[in-house]
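This document opens with one chain alone, in structure tokens, the form predicted alone.
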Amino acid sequence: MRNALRLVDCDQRAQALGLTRGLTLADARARIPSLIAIEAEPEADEAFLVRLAAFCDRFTPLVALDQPYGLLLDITGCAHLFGGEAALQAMIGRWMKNGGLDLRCAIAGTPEAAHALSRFGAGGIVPVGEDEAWLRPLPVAALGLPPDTVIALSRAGLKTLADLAVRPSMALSARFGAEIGTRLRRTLGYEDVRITPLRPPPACVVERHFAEPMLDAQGLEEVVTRLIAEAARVLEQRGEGGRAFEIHFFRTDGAVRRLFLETGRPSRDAKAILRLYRERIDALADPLDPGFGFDAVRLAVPVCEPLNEAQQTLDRRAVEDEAVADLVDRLVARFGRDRVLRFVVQDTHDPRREARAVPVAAAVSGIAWPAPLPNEPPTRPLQLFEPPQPVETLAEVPDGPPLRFRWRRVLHEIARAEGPERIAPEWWRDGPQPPLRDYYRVEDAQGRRFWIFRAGLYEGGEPPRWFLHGLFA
């Protein structure tokens, strides 16, 4: 019996015929030979619920899963956009019905109260301050307690929330656990804990809803332009700028299309943000298909940072910096953040690992590039070869600088040399280690400067080899 197939869920017709969750499939078929059973797919069910949550973003940005087959929407401050709570509830009901779904919905003061009324009550809209009166007749199972606790409460004669509400909370907690008191307070509306949405609430949100579906691409861009300008005004009032902008396009068939824009520094320049939007639209592999039309557009700013008005310098460096930053943002919008890279320094003495390329918008450590000594030539070349170029060298043994070397069939006579700078391998890394390297900065008779190293020592074994690692400007 432990390995028997069991019913995970039943539709209304099956429940009316006496089938329940947990019943073995053999017993169910014995009762109803014509039973149609479909193999459960919990992963697919959850994926569908997540897609349904994305659809409900059009009503509020605060949407959470209420497992196993429910959603919680925090509509605080949103209902008036749809004509009030009753109109919003009716609209959601029509959408779900058009999608072939049955809906039981409740609007209450706390998430737990709405959960209890929708699953164990008749649903509806609870007037402000009347949560307890609506919830007291519900069974104790509405608290979402473990089944054994529900059975114990029933055996003790506590079958409804009203039975629990008149009992001292300390006595209930002492006998049935502290969780029952917490759940009871939240369900009856005495304590409110906000939902944890699937997507973090953005710092700034502006949106437009349309009475008729919008199909015109030019009109859609005008709406986006107005939303960007409105968000810029909100950010200006706060003294902030956005680092990320997310535009949601809600289609009438329930599909949701999102465009994500990033900037390298805080921005509320509406024209610059609109240019990024156009770059992103032009770079889409899958064009923005309106289908039967869009019924809502939302612009969210999930990442904001303080932004003060920049003062232009006399040498116009601030203008140049803004132009470079704007160019980087446009490249990211067109090609993607992972294809626009910058170099950052790493805390290592190994010149091969001193710099690495990261996405231009990625957060990096606070390590700064080493500043050159005043009036001194650079210790590292700007250009490094990967891998280093092998050269033929005549040098003093054992630790002398090279006297001449041949690279790419050209012989270079050394006029000046400085070194050696010995760089040992990083012994704490796993795997085989490269040999010890002695680096020299050399200058040939024509004034060209090179960075050369000897890999290994002359002490026994295979003789060391020489390589050209970089060129000085």
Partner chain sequence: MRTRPDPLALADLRRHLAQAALRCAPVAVGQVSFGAAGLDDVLGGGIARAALHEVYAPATADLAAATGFAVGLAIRAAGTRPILWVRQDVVDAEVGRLHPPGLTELGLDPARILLVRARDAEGVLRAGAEAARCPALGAVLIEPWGMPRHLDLTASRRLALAAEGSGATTLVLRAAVAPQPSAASTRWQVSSLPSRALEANAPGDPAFSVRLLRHRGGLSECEWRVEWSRDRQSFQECAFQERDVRDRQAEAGRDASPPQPRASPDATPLSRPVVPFPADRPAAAGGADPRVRRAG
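On a predicted model such as this, the values are computed, not experimentally measured, just so you know. Positions refer to the first chain, counted from 1.
Another form, the form predicted together with its partner chain, is not on view; read the next lines as being about it.
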Fill in: its partner chain in the model of the complex: contacting segment from 388-396, 158-166, 113-121, 289-297, heavy atom within 4.5 Å
388-396
Discussion item. Can you tell me whether Pro372 touches its partner chain? I mean in the model of the complex, with a 4.5 angstroms heavy atom cut-off.
Written reply: yes
Worksheet item: Hey, in the model of the complex, is Glu376 touching its partner chain, heavy atoms inside 4.5 Å?
Response: yes
Worksheet item: Heavy atom to heavy atom, is Ala362 within 4.5 Å of its partner chain in the model of the complex?
Response: no
Worksheet item: Are any of the heavy atoms in Lys97 no more than 4.5 Å from a heavy atom of its partner chain in the model of the complex?
Response: no
Discussion item. Can you work out which of Arg199, Lys271, Arg265, Arg104 has a heavy atom no more than 4.5 Å from its partner chain in the model of the complex?
Written reply: Lys271
Worksheet, complete the sentence: Heavy atom within 4.5 Å of its partner chain in the model of the complex, from candidates Glu179, Glu236, Asp192, Glu130, belongs to Glu236
Discussion item. What I'd like checked is whether Leu384, Arg416 and Leu471 together line its partner chain in the model of the complex, meaning each has a non-hydrogen atom within 4.5 Å of it.
Written reply: yes
Worksheet item: Out of 271-294, which residues reach within 4.5 Å of its partner chain in the model of the complex, heavy atoms considered?
Response: Lys271, Ala272, Arg275, Glu279, Asp282
